[in-house]
Structure formats: structure tokens, C-alpha cells
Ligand SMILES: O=c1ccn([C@@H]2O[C@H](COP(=O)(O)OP(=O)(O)O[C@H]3OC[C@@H](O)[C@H](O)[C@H]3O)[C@@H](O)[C@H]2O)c(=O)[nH]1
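Okay, so here's just one chain, in C-alpha cells, the form predicted on its own.
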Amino acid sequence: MASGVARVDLDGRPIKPMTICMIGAGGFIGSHLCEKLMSETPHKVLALDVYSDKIKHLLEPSTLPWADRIQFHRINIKHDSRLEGLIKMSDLTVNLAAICTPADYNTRPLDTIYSNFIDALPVVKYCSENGKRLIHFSTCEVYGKTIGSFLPKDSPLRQDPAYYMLSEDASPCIFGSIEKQRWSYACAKQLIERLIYAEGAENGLEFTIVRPFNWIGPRMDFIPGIDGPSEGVPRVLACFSNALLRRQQLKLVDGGQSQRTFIFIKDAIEAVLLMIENSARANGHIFNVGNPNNEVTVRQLAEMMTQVYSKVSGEPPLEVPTIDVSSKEFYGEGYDDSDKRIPDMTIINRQLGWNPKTSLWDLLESTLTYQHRTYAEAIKKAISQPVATS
């Protein structure tokens, strides 16, 4: 961290160095948060994960200026007795660990529920019992479906944003029926939120809950067969990126009519750092972190990504760049979805003065430039290799 003027919080108080136990530090969000903490703050990070590939550049070589402020601990929190000790050593625990890929929600519902609820229970327990602050990452999925989606198709109220805007302290959480196992993730995440909130109310746990709305950027998800399982199905942007890199059609589930908002990872990490360093303003709050200005249908996202990738790669788009597929064909039985997800930013703006900055085009250009540079050659090599025959 560069020396200079002493850093202060939003209320003008000096920011004291702290030790942060970061569970899931080796993932997409964790890697960017570790970068931010190492380059701009004096804080120390105990980085917990099963893999360290995405933070390897922060761990090696040992001569890096922050080498004494980050320690990697290879831990699976499901069954590791070191977890409580590492939480005790820290001032703050940030829990990022989760199964959060839609393709898994109805094909691996048990793993999804265990990962997002059962495995998180000890983290909450240890923080509460040892008087440690917790920042827990939840999801915008906890809102489920919007009120507007239940209105008649021809209702003029469908044009009213009030029926689609998702507010942390006012919006209901509406899930599909039990056989729609797609909601296993959202339900597990909502239940751990309720447990954390109850620990705060009854036992004084200091907590902040983060609800991300589609955070996008370099190192997100995985590209199947290159830096992840070949049979895996990542989230929408990585799915589209994989198709673009392989010059395949982008698959639009049920016509790509669902609407989503997307936010650049670097904007979102700014919000998280404010939560970390402004505990008095963040404790006891649930924060939406998204960009309501970057709303598109999934079809529009596919069209924009096709244009951006053509620009960054120099390759012309396919003559027919997209193809429609059914949700049953793509995700299997039990899939369901919400129509729109627009975050209300009132609370985070009031408490932390934060607003996102990056446009959808710019965040897609940054992400696809990184992916083309990082993965294009590996994919060309994989495609050119002959298929083994018996």
C-alpha cells in the first residue's frame, strides 16, 4: 500500500488496520476484494479456500509489498477444525463461500442447500460466540419473483416500477412451488439471512448482509473445459463468453426475455470496502449492490456481447449469432425463473453514499477483452486437437 495521507472513514475517523478472515477468497469476488485490500489498505487477510489459482498473483513471489499481509489457508469449511481458530484471530469475517450456479440448483439441490445453509451455520455460530463481526454474502435471488410478474399480461400496472423494484426492507420474497427445485438456492440463502438476523437480534452479532445483483468482470465463473469442468454450465455471461470464444451460437433460454441488471466487479468491490471500513454505518443492514441503470433482457445482453466481442477480437459475428432453447432442455426439469430484478439503491446510498459508475458496454468490453486475451489461444488449441477414437 502506498504511503500518504491517513485514511479516514465516512465520518472522519481514522481507519485502523484490521485482520480479515475471508472465506472463499480464491473465487471471483474474493480475488478482486483481496486485490483491493492489498493495494489500497493496511489490512491483513487470512484467505481461506480450496483453490488459490485466482489469487496466485497476490501470493507469489514472497517479495511482493503486501506479502506479510496475506496468508492462504487451504481449507474446506465443511470439515476443518481450524475454522474457528482463524475466525478468533480476526476482527472481521467475510463469508463468500457458496454454490451459486443456476445449472446446479435443480440438478444438485441437496449440495446447493447444504453449501448455502448447513455449511454456513458454523461460520455464523463462531462469529456470534466469539464477538466477531460478519459480512455475509447472500444473493438477489432471495427476492424470488416480482409482484409484477403475477399481474395480468394486459394490466397497465405492469409499467409501474413499484411492482418490480426490489427493496431490502419492504419487498416480499416470492418463490415457486416445491417441485421447482431451482429455488433451492434462494430458499437456503434466505434462511441463512434470517438466522444471521436473529443472531443479531438475540445475541448481539454485528453483521452486514450483501445481496449482489449480477457482478461481472475478469475472472468471473469459468470457461468450460479450459479453467473449469468441461461438462459444467456457468452463469449467463460466462455461458455467452464461452460460445463467443468458440464461435458458437449463444443459447437463449425461453427466448431470453428475462430482464437483469449487471454491475462491474470493481464498482461492487468499492461498495464492499465501504462496508468493511464503516462498521457503524453498515452493521445491522442488508445492502443491495447492483446497477439499475444497466438493465437489459438476456436477448439484448447476447446482442450487445456479440457486438463487443467482435470489436475486441476483430472477428466478424456469426451470421445467426443466437438460438432459442427451452429451459427444460437447457437446465432440466424443475427450472423456474423471475422476470425482472431491479435493485432499489436507497439504503446503500443513504448509509454509505455509494453509487455504481460503469456502463454495461464498458464492463462488457473490459470483461471480454480479458477473456479473449486469456482464453482464446487455449480454446483454439482444444478445438484443434483430434478426438480420440477407440
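When you see a residue number, it is the position in the sequence shown, counting from 1. These numbers were taken from a predicted model, which means no experiment stands behind them.
Note that the form predicted in complex with the named molecule isn't included here; everything after this is about it.
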{"property": "The named molecule overlaid from its position in the predicted bound form: site open or blocked at 2.4 Å backbone/C-beta", "result": "open"}
{"property": "Contact residue in the predicted bound form, chosen from K266, K125, R235, H285 - any heavy atom within 4.5 Å of the named molecule", "result": "R235"}
{"property": "Listed residue (D344, E35, D337, E365) with a non-hydrogen atom within 4.5 angstroms of the named molecule in the predicted bound form", "result": "D337"}
{"property": "Residue stretch of 239-247, 145-153, 168-176, 193-201 approaching the named molecule in the predicted bound form, non-hydrogen atom distance within 4.5 Å", "result": "239-247"}
{"property": "The named molecule contact at F207 in the predicted bound form, heavy atom, 4.5 Å", "result": "no"}
{"property": "P109, heavy atom within 4.5 angstroms of the named molecule in the predicted bound form", "result": "no"}
{"property": "Distance check, P102 to the named molecule in the predicted bound form, heavy atom within 4.5 Å", "result": "yes"}
{"property": "Partner contact for Y309 in the predicted bound form: the named molecule, 4.5 angstroms, heavy atom", "result": "no"}
{"property": "Residues within stretch 170-200 having a non-hydrogen atom within 4.5 Å of the named molecule in the predicted bound form", "result": "R182, Y185"}
